[in-house]
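Listed next as structure tokens is one chain, alone, in the form predicted alone.
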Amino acid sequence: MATKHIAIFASGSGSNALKFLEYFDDREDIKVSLIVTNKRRAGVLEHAKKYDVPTLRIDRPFFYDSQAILDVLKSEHIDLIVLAGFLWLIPPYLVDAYPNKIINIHPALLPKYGGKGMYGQHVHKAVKENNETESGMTIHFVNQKFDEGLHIFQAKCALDPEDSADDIARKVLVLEHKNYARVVDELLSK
């Protein structure tokens, strides 16, 4: 069976990307083959270096005004794009080139708390302000709108009234780290 190749797009520290690198480290059938970031000092670059995974740093003109990234993805034989804290909207040409092959994780139970500007602490603060009794994470396919693609998997966690936005973030991150790579593994293994 041919190896499946994953590209991870990340903008920040890359804790979810690190979980993917750890999860697939000794696998022959699925491999993280490329890390793409839009930040010069993104922590994810250190993880890529440690695991000897090629990286690509992009800027807005490269990503939105050309389709050159398609050549890079093709050269790395990328089968699936995984967004792990990547904060830019995926352009239509890339969604069209990878239909149902781009996956995102969102730190809430979509459709609640999704859309433009709803990421990271913004989500957790909104959950806290609305006195929600549960939160969680959603893994979904990417379409041409923020957080509106078909849901693949959700996991929930109970919230206590005294939980701060930071407490909520920690609980949700535990779910992300536990489930994201596993769910992608199941998808690619079908």
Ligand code: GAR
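The numbering used is simple: start at 1 and walk along the sequence shown. Note that this is a predicted model, so its numbers are computed, not measured.
Keep in mind the form predicted in complex with the ligand is missing from the figure; the text below concerns it.
Heavy atoms within 4.5 Å of the ligand in the predicted bound form belong, among the stretches 159-167, 117-125, 25-33, 50-58, to residues of 117-125. Although the partner is absent here, I90 lies well away from the ligand in the predicted bound form, with no heavy atom inside 4.5 Å.
At the 4.5 Å threshold, heavy atoms of S13 reach the ligand in the predicted bound form. Under a 4.5 angstroms non-hydrogen atom cutoff, the ligand in the predicted bound form lacks I103 among its neighbouring residues. Of the heavy atoms in L175, none are within 4.5 Å of the ligand in the predicted bound form.
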